[in-house]
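Single chain ahead, written as structure tokens, the form predicted on its own.
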């Protein structure tokens, strides 16, 4: 029987950005609300501190205080293994506010010795924040939104930084004493040749990061708004028009060639593939994201943030006004929750998440779990193969990583 578990990590969503990129589907509040005399950061900070307190109190009621015997009867409740401040652009927060939030999470949820504390940041001079102050506040890992090292591609994506800004940002977080530096890149960019993308990748590798996430640019063009999904905001008409043009200029074959290039270039540069879109040097995998792929419990605060207790997924409303108003009134914010999966559904979800990772799954166990037909189909079509280091396990092949959705749809 699947039972709720106390959180092992916490995601804290900071929605503010200097400007809105047209491809972005995250919960973002941009422009005057993010800086200047009409900034809403102050009200947000008061509200998110209140949510941290309320969520911590709820966890205490469900599982007992830190260090006490778990009410589930399985060991004692441990402090968090990870804290991830995502956005938006969390590096826009004032230094003292960032320090106060990390301290509040540590006080209310606990942070284990050596816990991973990640801060997402943009590389622009007016967006990256003070890396030294962030490290002093407890940040151990920076995730830098690079997206491309190509000037024209950055301009087309609506990014405000330049490749030189990226180099300066990486140098700054290194000098500040960051334990780990990760950069994000986008693949299958419209109107970017394979040669140009390869040059951008070379420039990114030359930055000598510890971790690289490379995501294919996915463009939602349906215009779904907050009335259809309360955890999202309406997509501006201008962004939808940009996406339609960009989607027409994407090239599936070129995107596959880019992944093949990654598969050659990154191992040669000292990076190991460990998840469909993620590569890391030894000791630098994202511990927070691993919790999601392991289907572990993760708490979440902030507008639009998603949490999981091991049984049920819960989300906050993306509407900043509604989210703030509830918390200023001393109540948990509005939102929703999925119905719990059946044990069979949870097993299928865990199998998909496990197959996303390079470790794969034990073949015989997965076959006995009722997924034999789907797994044999994956093997016969070259999507799955024996793990090179353990013949009892199977993992996605390069072809499987390209066509993973074809396999996953047969599992779930």
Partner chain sequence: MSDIPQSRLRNFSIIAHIDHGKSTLADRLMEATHTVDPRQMTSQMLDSMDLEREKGITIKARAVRLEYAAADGLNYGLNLIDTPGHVDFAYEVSRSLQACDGAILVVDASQGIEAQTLANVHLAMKMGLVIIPVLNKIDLPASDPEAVMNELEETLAIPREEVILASAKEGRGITEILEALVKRIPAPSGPLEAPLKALVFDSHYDTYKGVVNYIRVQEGRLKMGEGITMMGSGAQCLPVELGYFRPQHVPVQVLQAGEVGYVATGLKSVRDARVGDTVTTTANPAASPLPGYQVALPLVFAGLYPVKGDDYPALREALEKLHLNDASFTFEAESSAALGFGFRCGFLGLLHMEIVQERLEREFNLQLIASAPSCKYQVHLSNGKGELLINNPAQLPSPNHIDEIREPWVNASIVTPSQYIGTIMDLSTDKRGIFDGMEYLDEKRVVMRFQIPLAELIVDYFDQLKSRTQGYASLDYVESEYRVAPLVKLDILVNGEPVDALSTIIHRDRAQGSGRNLASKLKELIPRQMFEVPIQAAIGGTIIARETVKAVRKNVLAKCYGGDITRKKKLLEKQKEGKERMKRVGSVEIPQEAFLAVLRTDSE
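Numbering follows the first chain given and starts at 1. Note that the coordinates shown come from a computational prediction; the quantities given were computed from them, not determined experimentally.
What follows is about the form predicted together with the partner chain, which we do not show.
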item: The partner chain in the predicted complex: contacted by all of 231, 349 and 377, heavy atom 4.5 Å; value: yes
item: Residue stretch of 240 to 248, 257 to 265, 318 to 326, 169 to 177 approaching the partner chain in the predicted complex, non-hydrogen atom distance within 4.5 Å; value: 257 to 265
item: Exercise: residue 188 in contact with the partner chain in the predicted complex, heavy atom 4.5 Å; value: yes
item: 4.5 Å heavy atom contact, residue 353 and the partner chain in the predicted complex; value: yes
item: Any non-hydrogen atom of residue 252 within 4.5 angstroms of the partner chain in the predicted complex; value: yes
item: Proximity of residue 313 to the partner chain in the predicted complex, heavy atoms at 4.5 Å; value: yes
item: The partner chain: the contacting residue among 97, 207, 198, 216 in the predicted complex [heavy atom, 4.5 Å]; value: 216
item: Contact residue in the predicted complex, chosen from 269, 153, 276, 297 - any heavy atom within 4.5 Å of the partner chain; value: 276
item: Residues in 390 to 406 close to the partner chain in the predicted complex, defined by a heavy atom within 4.5 Å, in order; value: 399, 401, 402, 403, 404, 405, 406
